[in-house]
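One chain comes next, on its own, written out as structure tokens in the form predicted alone.
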């Protein structure tokens, strides 16, 4: 890790000011941590153009102890987070992202984080008996949650036992009491692999939980970064500048110098408690309360007027479903083109399917079988196979992100007998809410490919669409924008 004194602070407050300038920030005063913040955020993301929300004056907490939600739920905000030119449309943002993940991954080694001596995160320090996680307004997000979750849009920093590999993952963090939190990590995730090593060696597992940061932090911590790569490096590649970090005083783990709140401590061998339930990305509670590792919090660092970054899962659209949809759509489009499918116009991984279970591609048909080719590859490519359920192919005049247009194409350009292919025993997940009805022992699921394109052998005879041309629509919208 470099000792250079120049690094990007990953400062949430700077991003909030940028969002305010975009006109996409709403400040909310007086909402209760007990269900109200969660419900307001949930209803907000169901609007056509949801703003980011910054909650203050939370009952029972000092003014200035705040909660941020809905940070990634618009094209403009998400493009600003990813340091891309500001885009106002789904298609524009997806196009801007094409090829970028591969580029960022290739550059990551050039941007190790840089250590600095101190930062605003150390403005306030709790230790020993003064540690009190309950001093922050962690929301109870939904009525059926197993507890209050301080960690949803968070970054959990851990270190490998046998190497220098630092992992930064987004794992949910439930408050047990003033100095204990539950850490739920799905088996196989990088943090869980590191945790298992420490437990088998009988050693305490060092953990630093970053509860508030520039949303780029939790966005990248929540995607599939290659095994052994540090997410700080990947973030640095996006920023074109290394991330500025300070060392945790207890564990020596690197944490962003401008983080809002950091919980630092240890997960001790055998220390587990009941955690959950909590919702998942598809909008269900798929599991019952279960044991999960406990982190004993021995130090808390926080800035003056600290901000919790909230991003809870829920029935889509949820707080982070838009960002997942955009990023996976760009990856799917790259995968289709790389596999040799020609004339791909656009791809959209719909939020209603958690950006996994309902995916749509639009193509300009060039030959017989083109639509089926695109649909089957969309369903089974490396990016798309996991938990995919419906893959729909539409013509180039259909916006794949517009569900009304997509379902109009399904209703008017497909025949159930001829145009729906079913593949069986595909790649599924035990996290699938439908798994309760499957008889498989392994996590399989069937997959449907729906060809909702005009039949290629009758494409010239197919009835024309009764609507204003795209050019006329744009002209009229510009002239009559005061009513449209």
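Positions refer to the first chain, counted from 1. It should be emphasised that the depicted structure is a prediction, and the values quoted were computed from it without experimental measurement. Throughout, rigid core stands for the largest set of C-alpha atoms superposing within 1.5 Å between the two forms.
As for the form predicted in complex with a small molecule, it is not shown, yet the points below apply to it.
- Residue contact with the small molecule in the model of the complex: residue 169 places a heavy atom within 4.5 Å of it.
- Of the heavy atoms in residue 196, none are within 4.5 Å of the small molecule in the model of the complex.
- Using a 4.5 Å cutoff between non-hydrogen atoms, residue 191 counts as a contact of the small molecule in the model of the complex.
- In the model of the complex, residue 271 stays away from the small molecule, with no heavy atom inside 4.5 Å.
- You can rule out all but one of 131 to 139, 82 to 90, 219 to 227, 106 to 114: in the model of the complex, only 219 to 227 has residues with a heavy atom within 4.5 Å of the small molecule.
- Residue 152 is the only one of 388, 401, 233, 152 with a heavy atom lying within 4.5 Å of the small molecule in the model of the complex.
- With the partner omitted here, the residue from 180, 413, 324, 370 that has a non-hydrogen atom within 4.5 angstroms of the small molecule in the model of the complex is 324.
- Looking at the small molecule in the model of the complex, residues 74, 98 and 239 place no heavy atom within 4.5 Å of it.
- With the core held fixed, residue 309 shows a CA shift below 2 Å between the shown form and the other one.
- Shown in the overlay between the shown form and the other one, fitted on the rigid core, is a CA shift at residue 331 of 2 Å or greater.
- Residue 427 is among the residues whose C-alpha shifts by 2 Å or more between the shown form and the other one once the rigid core is aligned.
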